[in-house]
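First, one chain by itself in structure tokens, the form predicted alone.
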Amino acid sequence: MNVKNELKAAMWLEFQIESNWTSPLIFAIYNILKPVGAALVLVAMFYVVVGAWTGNSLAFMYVGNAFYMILAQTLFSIGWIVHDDREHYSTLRYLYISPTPYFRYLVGRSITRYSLSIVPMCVLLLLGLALKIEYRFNLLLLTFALILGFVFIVGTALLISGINLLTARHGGAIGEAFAGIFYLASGVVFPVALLPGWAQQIALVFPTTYWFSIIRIAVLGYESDKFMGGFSVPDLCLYLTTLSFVYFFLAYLLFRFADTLARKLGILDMSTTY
């Protein structure tokens, strides 16, 4: 089986696991309503605090949160794959002796999860029109951001999978922890400029910081974060590209290390029975 077919098979499997509990229509509704509902709760909180539905602050928060759903849902879902394969379905040992490398299998499943997460993001952007958010789309820049976003988000998800090879059933918590760090430090709903100086320096290490800045420029046409506004678009793209591939490469190395260690310790297919 070639790489393309291996990825397609893993993508199909992820879709079947996510959707086989109901009809395609209900799954589509569920896939949209869950993240959209969470985003609208945040909008309601914004209205209670600010007392209005308009302004640059709303646009900043709304667009950042809409794209954050892609990151969060991918990390939450991929974080559980190892535990599902190992303990829920008890198939991890069979996947390891199959012709498809487990790392490539995880990448294929990540592609589907990432793609499914884009759908509610698009719905949220449409709903933003009702809030009178003015979009000035740069489709080329947005496409670039989504492609690079896949690289570092999937890289982070694979790092979580490597950790899960060595741990008990804490995949959901680990995924939430990574997503929470990115949420606080990367300018999702409040500017990086509001962070303490030391936290701003940490934020610059995360590809998500540059990703959300590029996203806002590509969707809104401007960057209202004064700190990130000091970077030009070419610089943002350069930093995002470099950090995305560095993160993916490091994630691959750490996954291979965790995989080797799990084999040596004899815990690759352990069952925690809870």
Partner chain sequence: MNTVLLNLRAIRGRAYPRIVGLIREPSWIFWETVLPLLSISAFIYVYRSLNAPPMYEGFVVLGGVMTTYWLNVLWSMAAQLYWEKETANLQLYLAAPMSKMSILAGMAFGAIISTTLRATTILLLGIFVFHVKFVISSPLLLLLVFVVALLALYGMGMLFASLYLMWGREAWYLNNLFQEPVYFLSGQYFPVKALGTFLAAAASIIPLTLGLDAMRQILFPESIPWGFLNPWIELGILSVLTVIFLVAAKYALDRIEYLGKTKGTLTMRWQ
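Everything quoted here is computed from the prediction, not taken from an experiment. Residue numbers count along the first chain shown, from 1.
The next section is about a form of this same protein that is not shown, the form predicted together with the partner chain.
Is L238 one of the residues lying within 4.5 Å of the partner chain in the predicted bound form, judged by heavy atom distances?
Flag for L238 set to no.
Please determine whether K34 contacts the partner chain in the predicted bound form, using a 4.5 Å cut-off between heavy atoms.
K34: yes, in contact with the partner chain in the predicted bound form.
Report whether the minimum heavy atom distance between A262 and the partner chain in the predicted bound form is within 4.5 Å.
So A262 does not count as contacting the partner chain.
Y89 near the partner chain in the predicted bound form, any heavy atom under 4.5 Å?
Yes, contact at 4.5 Å.
Non-hydrogen atoms within 4.5 angstroms of the partner chain in the predicted bound form: do A66, Y105 and L129 all have one?
None of them does, since no heavy atom lies within 4.5 Å of the partner.
Only one of F248, Y62, F231, F46 comes within 4.5 Å of the partner chain in the predicted bound form by heavy atoms, so just point that one out.
Answer to the contact question: F46.
Only one of L142, I111, V123, L184 gets a heavy atom within 4.5 Å of the partner chain in the predicted bound form. Which one?
Selected option: L184.
Out of the stretches listed (193 to 201, 132 to 140, 145 to 153, 97 to 105), which one is close to the partner chain in the predicted bound form, meaning heavy atoms within 4.5 Å?
Heavy-atom contact with the partner occurs in 193 to 201.
Do any residues of 17 to 31 have a non-hydrogen atom within 4.5 angstroms of the partner chain in the predicted bound form? If so, which ones, in sequence order?
Sequence-ordered list: I17, E18, N20, W21, Y30.
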